[in-house]
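The chain that follows stands alone, in the form predicted alone, written as structure tokens.
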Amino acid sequence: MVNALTPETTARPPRPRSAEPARTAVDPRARARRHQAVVAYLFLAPVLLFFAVFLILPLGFALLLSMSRWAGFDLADIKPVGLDNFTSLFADGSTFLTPILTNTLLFALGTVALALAGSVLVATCIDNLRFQGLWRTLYLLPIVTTVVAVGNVWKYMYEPGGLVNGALNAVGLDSVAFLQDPDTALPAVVVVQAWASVGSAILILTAGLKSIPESYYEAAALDGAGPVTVFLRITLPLLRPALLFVCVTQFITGLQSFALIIVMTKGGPGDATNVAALEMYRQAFSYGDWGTASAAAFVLFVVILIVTLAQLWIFRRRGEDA
């Protein structure tokens, strides 16, 4: 009997694996987002470069100078001194805290108080008059006029034979040496700064008044509310955002004021009208002490930051309580 031999089954060799790595699917949306981000940064590049050159680099250099001694000529002469410039500003005998920084705060506070009160009053009156565009244009003229022209005109008006003293003499009062008397020099400059800044505040407050719905005033009239009640209960509360903007911007402008003071009084008589910005100018360009000037600049920055945050907190608290 012959046994039939069954053919042996041969195992197939394994298929060689592909040497190419497996391709991962790319999300077209992610690719589109990356493309949009690249395009956006390309458009932002000029602005970012501008801020880097004219903001970040000067800020870093000012920080370096605030902790150094430098006469303003050769960069190799910069000598680190640590916090000596800051301590010298508040040392005994220094005039930076009193009267310079005190004058700065009083100047800004007086300017904001006068400008805010005047702009609210004038904006409310303009809102009830005809030819409102004409009146707003007239009050805007001091803004487009250069500070040098405004300062010189008011300087002559404050002279003993000027318009202001002429008006005082007309009502039987004696002449006042406004810019020569240490007691009246700072208030006199405050009045000019407030007068010059009323125009911009009026524009903002007028826009805020236009945004108040007339239905509120109609309802108040039906309830028999008087003008004072309407102003205190409706106009002022609804003007709070515009008032906040005007208050913050005017305070910052007052703390940084420099040109008007140097035109009208040059900081005198004595240090009666000397403010922080003017002192920084003197330390840098008159005395060649750029380190002290930079330190004073950072101190003023901290003061502006604290005052601004305080104003925001006060207005936010009043808004929550209202």
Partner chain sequence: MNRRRFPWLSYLLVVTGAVLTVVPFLDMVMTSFKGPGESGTLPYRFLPEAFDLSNYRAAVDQLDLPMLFRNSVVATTLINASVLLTSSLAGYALAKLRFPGRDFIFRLVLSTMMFPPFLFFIPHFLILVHWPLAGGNDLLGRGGAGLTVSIVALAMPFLVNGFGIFLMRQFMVSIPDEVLEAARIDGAGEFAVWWRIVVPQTKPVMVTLGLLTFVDAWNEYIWALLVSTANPDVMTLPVGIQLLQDYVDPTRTMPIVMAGLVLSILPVLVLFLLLQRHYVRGIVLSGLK
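Take the two forms, find the largest set of C-alpha atoms that superpose within 1.5 Å, and that set is the rigid core. Note that the structure is a prediction, hence the values are computed from the model and not measured. Positions refer to the first chain, counted from 1.
What comes next is about the form predicted in complex with the partner chain, which does not appear here.
Classify F90 as contacting or not contacting the partner chain in the predicted complex by the rule of any non-hydrogen atom within 4.5 angstroms, answering yes or no. Result no; F90 lies far from the partner chain in the predicted complex.
Using heavy atoms and a 4.5 Å limit, would one call F301 a contact residue for the partner chain in the predicted complex? Taking the distances in the predicted complex, the answer for F301 is yes, it comes within 4.5 Å of the partner chain.
Using a 4.5 Å heavy atom cut-off, state whether G161 contacts the partner chain in the predicted complex. Output for G161 is yes: heavy atoms within 4.5 Å of the partner chain.
Is P46 one of the residues lying within 4.5 Å of the partner chain in the predicted complex, judged by heavy atom distances? Close contact exists here: in the predicted complex, P46 approaches the partner chain to within 4.5 Å, heavy atoms only.
By the heavy atom within 4.5 Å rule, which residue out of C247, V81, L203, V176 makes contact with the partner chain in the predicted complex? Contact check passes for L203.
The single option of F96, Y139, F107, F251 touching the partner chain in the predicted complex, heavy atom within 4.5 Å: It is Y139.
Which of 183-191, 107-115, 151-159, 81-89 lines the interface with the partner chain in the predicted complex (heavy atom within 4.5 Å): In the other structure, the partner sits against 151-159.
Non-hydrogen atoms within 4.5 angstroms of the partner chain in the predicted complex: do M67, L236 and G270 all have one? Answer is no for this spot.
The partner chain in the predicted complex - contacting residues of 166-202, heavy atom within 4.5 Å: Heavy-atom contacts within 4.5 Å come from G166, N169, W195, S200.
If we fit on the core, is the Cα of L59 displaced 2 Å or more between this form and the one not shown? Where the cores coincide, L59 shows only a C-alpha shift between this form and the one not shown that is less than 2 Å.
Once you line up the core, how about Y287: does its CA shift reach 2 Å between this form and the one not shown? After core superposition, the displacement of the Y287 C-alpha between this form and the one not shown stays below 2 Å, so no.
Displaced residue check between this form and the one not shown: G270, CA, 2 Å or over, core reference: For G270, whose C-alpha is compared between this form and the one not shown after core superposition, the shift is less than 2 Å.
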